[in-house]
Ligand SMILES: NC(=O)c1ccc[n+]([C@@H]2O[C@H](COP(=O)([O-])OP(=O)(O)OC[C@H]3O[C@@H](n4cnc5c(N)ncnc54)[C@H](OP(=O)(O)O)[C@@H]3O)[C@@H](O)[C@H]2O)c1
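Just the one chain here, laid out as structure tokens, in the form predicted alone.
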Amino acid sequence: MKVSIIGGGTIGTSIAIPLKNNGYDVIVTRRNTSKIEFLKENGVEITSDNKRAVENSQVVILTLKPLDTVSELKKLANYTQGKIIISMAAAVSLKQLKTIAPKSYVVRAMTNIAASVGAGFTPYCVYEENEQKIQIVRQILGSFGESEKVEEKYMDALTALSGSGPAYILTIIESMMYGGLKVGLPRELSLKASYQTVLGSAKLLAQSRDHPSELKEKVITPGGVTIEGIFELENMRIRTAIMRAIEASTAKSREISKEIEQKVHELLNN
């Protein structure tokens, strides 16, 4: 099966190689193909011709910015008929996608940059139920990590939580590394200890299925080292800060969605 990725930016290139490694014939587009030459080394075809890429594919993945997704899909709609269209654009609704490409099977999804190492999380929703096509979508998204079919009403929040999530976690890892530097650890050792601790904690949580607070309590002993750190974190309201970050990102996604709705209206009336 041939899969075209329209938009060879961060997400487009992150999913291209895992898809290729899972046996798909992959073509990635970008205006300046010199910036994605490295994909050729992994057997991925590159081009600046979106029309040719779409015509020769059974599945089209759009990894453009929201407004660019709308305008580009309008140009390509005649060539996407009967194909599966997976949009990775934040805030572009299934209804908007279907309005632009009424003869395509449209899917709205959101992954993150961990897809490049096969560890992405990709929630997705579909405009209409079709088990055969959903199975194809599930297999494609599974090429670069975990995926889960959800109701569309959750997509803006999931865009903020898991789509933007690596930026939050990397900020925490960076902060942990700086903490290690402050108390005298060598830079490389501090960094490795920080990311390995986050990686191990996430794996423990995923495999145990316990609530995070239950696992946290196992680390805290009365009058010990950990409770001193927890006290400072609570004093600085770290949980409130992260919750507010996700809330703000969700609100921004919903704001963009309203802008997209106006853009779709303009496109269809021009």
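Residue numbers here begin at 1 and follow the sequence given. This one's a predicted model, so the numbers in the text were calculated from it and none came from an experiment.
Omitted from view is the form predicted in complex with this ligand, to which the following refers.
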For the chain shown here without its partner, which stretch in 240 to 248, 60 to 68, 226 to 234, 208 to 216 has non-hydrogen atoms within 4.5 angstroms of this ligand in the predicted complex?
60 to 68
Kindly indicate whether Gly8, Arg31 and Ile113 are, all three, within 4.5 angstroms of this ligand in the predicted complex, using heavy atoms.
yes
Tell me, which of Val106, Met88, Ile100, Leu141 has a heavy atom within 4.5 angstroms of this ligand in the predicted complex?
Met88
Taking 4.5 angstroms as the cut-off for heavy atoms, does Glu72 touch this ligand in the predicted complex?
yes
Using heavy atoms and a 4.5 Å limit, would one call Gly163 a contact residue for this ligand in the predicted complex?
yes
